[in-house]
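Below sits a lone chain in structure tokens, taken as the form predicted alone.
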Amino acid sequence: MSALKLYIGNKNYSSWSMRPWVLMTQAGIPFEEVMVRFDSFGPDSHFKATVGAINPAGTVPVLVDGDLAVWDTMAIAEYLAERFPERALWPRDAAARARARSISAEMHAGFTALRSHCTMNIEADLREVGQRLVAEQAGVRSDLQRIGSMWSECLAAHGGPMLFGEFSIADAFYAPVATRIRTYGLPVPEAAQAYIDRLLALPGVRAWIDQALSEHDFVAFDEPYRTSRG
């Protein structure tokens, strides 16, 4: 069995990179991390040259398994679920598994208002920005309402502590959402807030956050609300 390599971007900003990294770390799947820091993203940039050599889409994350490269977070998650069936990355129950896939796909394709207005920034404290966005952006309020009700329903149906009882791909997919809610101080129901606290305390999630806080990079195009760190 070949060693896995996971190509990722900056931990402070790259929500898509966070998902498979947290999934593999929390599930105990060994891999080598290859960090490709964000730069200009121009055609001659280091980022595009490095990532484009293994992924024609030129994006992270990319999972490399021997001669095989798998990109797109959902594709990586499904590949890992097939390669490591003993890890039960999806719920074992068929109905729960279908629901987990549905809400993961919903995250993958939706919540565009939250993702565009509340870009991931683990290091920043943007609670004042969050208050303004909730007041002014109906799409952000709608996304938050859907996420809060979804999480509360899943937790009630499966008893927690994670969305489907045990940690799964669904939790990894929503980990960056949890960091956004904390960064921007966004309102969610009590059950959803308690889930955020548990999710961010998981060793795999905590490790990502700690490493994001130690980066100290400032990528201007990922900073719509700040002109510098601090």
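None of the values given here were measured: they were computed from a predicted structure. From 1 onward, residues are counted along the sequence shown.
Another form, the form predicted in complex with a small molecule, is not on view; read the next lines as being about it.
Novice: Pick from 60, 181, 162, 192: which has a non-hydrogen atom within 4.5 Å of the small molecule in the predicted complex?
Specialist: Exactly one listed residue reaches within 4.5 Å, namely 60.
Novice: State the residue from 99, 158, 108, 83 whose non-hydrogen atoms include one within 4.5 Å of the small molecule in the predicted complex.
Specialist: It is 108 that has a heavy atom within 4.5 Å of the partner.
Novice: Where does the small molecule sit in the predicted complex: which of 38-46, 181-189, 194-202, 22-30, heavy atoms within 4.5 Å?
Specialist: It is 38-46 that comes within 4.5 Å of the partner.
Novice: State yes or no: in the predicted complex, is some non-hydrogen atom of residue 12 no more than 4.5 angstroms from a non-hydrogen atom of the small molecule?
Specialist: Judged by the heavy-atom cut-off of 4.5 Å, residue 12 is well away from the small molecule in the predicted complex.
Novice: Does residue 104 make contact with the small molecule in the predicted complex, using a 4.5 Å heavy atom cut-off?
Specialist: Residue-level check for residue 104: no, no contact with the small molecule.
Novice: Can residue 73 be called a contact residue for the small molecule in the predicted complex at 4.5 Å between heavy atoms?
Specialist: Answer yes; at least one heavy atom of residue 73 falls within 4.5 Å of the small molecule in the predicted complex.
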